[in-house]
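Next up: a single chain in structure tokens, the form predicted on its own.
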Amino acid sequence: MTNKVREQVKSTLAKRYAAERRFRLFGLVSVMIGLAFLCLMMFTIISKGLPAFTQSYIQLSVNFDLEELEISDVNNEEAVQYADYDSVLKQALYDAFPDVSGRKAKKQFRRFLSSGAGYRVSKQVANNLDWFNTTQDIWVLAGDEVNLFMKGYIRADMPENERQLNDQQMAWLATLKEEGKLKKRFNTAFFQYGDSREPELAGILGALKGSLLTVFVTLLLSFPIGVAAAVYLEEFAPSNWFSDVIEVNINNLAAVPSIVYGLLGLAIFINFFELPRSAPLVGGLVLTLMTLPTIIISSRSALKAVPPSIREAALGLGASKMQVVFHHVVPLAMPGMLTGTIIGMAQALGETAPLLMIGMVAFVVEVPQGITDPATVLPVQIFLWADSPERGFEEKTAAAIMVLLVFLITMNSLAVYLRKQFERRW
């Protein structure tokens, strides 16, 4: 090799190595940019959502006088539950500030308590019947404006015309805070109650239970149907034009926009079969149609991954075709099938568009008790809260996103665990 040729080879190698280094650098930069945006997104969600896990409460000395509450029999559960607790709470609030007088001042003062404070107190009283005809120091749920004050969204240094509380109300709250009668506590109600028009009363239990019921119906239907279809197409279906048409359509259905499945569910399950609107049963049926292609495709890939030698060995020992498939092939392919199913369920858990079409966007206060009760799901609840104008719903939206992300991460982690735990190598 002459020196000229050797120099040309070195020059070419140098350019190739430089191109490879640039490619690796571009890849590393792309990954770092993606991670930076992911960290920024998670930081934004967590920083906005964490305040939703605390709620403000005011300590009041409440006199549970039976005459004032108009209760004649403390053993009457209905009378105890529907007594006028709001009046005794307001009186306790006035007693805490006896210098407050005038109709306008008292009206401003009453805004410190949540509209649902009486209902929450009735739950406490039902478990403490010995409170009647006594005065008890209890923590009462504060209103949304007080909650915003405690979390720093309303500050004294803001102009009075730009905040929801005037100077007098700010002074009252500062006094309560100094006396230790105004505190933030962990918001257990966020996980115990359903939706509400008031931010301080809104909880996620209804949407959470609706999501679980919907995913349960989806799993109950999609897993056996999807696995059975995959086994038939991969192991038993003859190779002809009909099987090719089915395979092409399954692949095409996996790319259909999810809202189309919502329109299909509206037309078939609600308009034709007249199933109840906004029910987990209908939501599960719609999501089953949407996730079936994903489960079928992943299950077929898992069946293809089983070595042909397994089938040949079983046939050589005298096993029938049915025995080969269900005693040897399907058990070995099950980890991949489960992984695809869990990924499909995670996709279904995060869907919104198809459920909007079947009415699961409705405002549902009660927590669903069954698959036919009116319900909503976590993504739809997030959509509803994000569209609300109240400042308190902003942190509720971020907190609901955090809960949804926990479920999605858990399901995807479970899929990875199952694959690692049961994966066979040949």
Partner chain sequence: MKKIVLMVATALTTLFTAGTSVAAESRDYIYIVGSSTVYPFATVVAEKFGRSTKFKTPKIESTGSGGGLKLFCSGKGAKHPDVTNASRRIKQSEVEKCAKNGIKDIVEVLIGYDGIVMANAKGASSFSLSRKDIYMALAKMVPGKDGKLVANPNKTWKDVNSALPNTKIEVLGPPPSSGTRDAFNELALEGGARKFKDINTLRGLKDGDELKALMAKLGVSSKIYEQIKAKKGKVSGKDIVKVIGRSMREDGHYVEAGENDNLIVQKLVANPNALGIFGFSFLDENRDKVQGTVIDAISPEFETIADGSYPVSRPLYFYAKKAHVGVIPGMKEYLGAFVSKKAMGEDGYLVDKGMIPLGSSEYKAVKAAVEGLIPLKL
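What you are looking at is a predicted structure, and each value in this text was computed from that prediction instead of being measured. Numbering follows the first chain given and starts at 1.
What comes next is about the form predicted in complex with the partner chain, which is not displayed.
- Using a 4.5 angstroms threshold between heavy atoms, residue 254 stays clear of the partner chain in the predicted bound form.
- Residue 372 belongs to the set of residues with a heavy atom inside 4.5 Å of the partner chain in the predicted bound form.
- In the predicted bound form, the partner chain sits within 4.5 Å of a heavy atom of residue 119.
- Under a 4.5 angstroms non-hydrogen atom cutoff, the partner chain in the predicted bound form lacks residue 321 among its neighbouring residues.
- Candidate site formed by 242, 295 and 379: none of these residues places a non-hydrogen atom within 4.5 angstroms of the partner chain in the predicted bound form.
- Only one of 171, 220, 305, 315 comes within 4.5 Å of the partner chain in the predicted bound form through a heavy atom, and that residue is 220.
- 197 is the sole member of 197, 106, 177, 185 with a non-hydrogen atom lying within 4.5 angstroms of the partner chain in the predicted bound form.
- Segments offered: 62-70, 24-32, 359-367, 38-46. Contacting the partner chain in the predicted bound form at heavy atom distances within 4.5 Å is 359-367.
- Heavy atoms closer than or equal to 4.5 Å to the partner chain in the predicted bound form belong, across 251-265, to no residue whatsoever.
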